[in-house]
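Next up is one chain by itself, shown in structure tokens, the form predicted on its own.
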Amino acid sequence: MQKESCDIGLIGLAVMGQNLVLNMNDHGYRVAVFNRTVSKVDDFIQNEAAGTQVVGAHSIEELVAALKRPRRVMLMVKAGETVDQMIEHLLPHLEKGDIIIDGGNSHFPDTNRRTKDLAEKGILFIGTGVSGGEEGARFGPSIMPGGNPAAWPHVKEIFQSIAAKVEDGSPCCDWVGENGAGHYVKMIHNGIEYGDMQLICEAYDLLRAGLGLSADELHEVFAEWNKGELDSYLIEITSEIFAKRDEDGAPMVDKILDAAGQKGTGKWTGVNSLELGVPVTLIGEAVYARCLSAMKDERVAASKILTGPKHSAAQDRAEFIEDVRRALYCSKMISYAQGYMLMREAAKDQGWKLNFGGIALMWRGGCIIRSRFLGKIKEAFDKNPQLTNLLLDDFFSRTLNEYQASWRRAIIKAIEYGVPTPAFSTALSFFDGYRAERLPANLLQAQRDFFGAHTYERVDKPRGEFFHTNWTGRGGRVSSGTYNV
């Protein structure tokens, strides 16, 4: 192997790692690769990477020796302890100014810590979200880098050349922000992905229950939806899933057990929303829906005891399908608005300067949630970079106001049919709550003050003044401390 001949090194030759290496090779970069199971290196070089410039290394020392300075090493390994272990193995072979890139699904507090710790050792760290699955990694993913800003100029060209491109050629990759900002934005992406998938599943369930649509008919409906406002990767693949047949000719989707798995990024989003006090209700419901689906045996037992409503099929097929489509579109708007609310609060909390329109652009291509709809988010922030909530943008508010009758009808039908629609329903509840000038929290504050002397503010006094009422005649004059998220 030629010394210092490679542009970048990559450790971790699972599917995403292999495909990123081949993508970099396609764009003229010479990549050195290493894997802890060393046999995987030779296997990759002899098969998938045969005929390429990719260089195999049998040790970390050999990998680092093959790299041009400043050395760039990308880790595509399992999040958590494995990343820390790999960094420890790398450090003795690196020198000041070298760059370590974590391209896995790491939790953003870990990236905050690693950026700081490595900076103290003179090593530049980047934590980058990579989305798009196997195909995205191979032909153009969405890449969301954050970490030490001094590292960005050294990886910018590689990252932007291998990233997906939108219509005007702009890459779906730009600097997100310091420390864990890149992995944070990837976490929000994954949370929104949970929401999108759950919303599509609820639309499927409603169409099946309300109209008794076959897999072939569902294929047609989703293919049609993909030509309009809902044009997106997830709608497209859903249409294809309905068309797939098992060996016996039956629809493949009907053979799959209804118990969903998850890797934790949706849960991280939900937990972070609770920590920051931002009502990201739809992603939360999407996570809980997966948890409920996993209780398969309990549900089967309960189905023999608990009964639902008897109902007949929907009368107007075309109207019902359109109501469900609009319910899906409106609920999707709420989910993205909530995701952006959380990013805005996290940016304040962490001191990040996030470019919200730029984030929508990064998600426009290559990633799992790529869709036409993201262009509308980009336009909204281009028009008003200080926009406090997406729902207040002209396009979003106009669409929600126009479509809400359909949205409500679809949920009413779901209730009549006994079809669970946690994501549709929480989206509508949030819409009704967000547009409410007055909520019943005045009663809630009275209750808190009654049993715990937690105090309240008054409508006839300035905000920030707190009062306590002696509700029973037995209370003292002392009030409790308060906690506001």
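None of the values given here were measured: they were computed from a predicted structure. The first residue of the shown sequence is 1; numbering continues from there.
The discussion below concerns the form predicted together with a small molecule, not included here.
Proximity to the small molecule in the model of the complex holds for none of 198, 331 and 422, with the criterion being a heavy atom within 4.5 Å. Stretch 126-134 is the answer when you ask which of 242-250, 126-134, 279-287, 337-345 has residues with heavy atoms within 4.5 Å of the small molecule in the model of the complex.
The partner is absent here, but in the model of the complex a heavy atom of 262, alone among 355, 399, 262, 160, sits within 4.5 Å of the small molecule. Residue in contact with the small molecule in the model of the complex (any heavy atom within 4.5 Å), chosen from 323, 393, 193, 174: 193. Heavy atoms of residue 186 reach within 4.5 Å of the small molecule in the model of the complex, making it an interface residue. Though the partner is left out of this view, residue 273 does not reach within 4.5 Å of the small molecule in the model of the complex, counting heavy atoms only. The small molecule in the model of the complex comes within 4.5 Å of no heavy atom belonging to residue 387. Taking the partner from the other structure, the small molecule in the model of the complex has a heavy atom within 4.5 Å of a heavy atom of residue 105.
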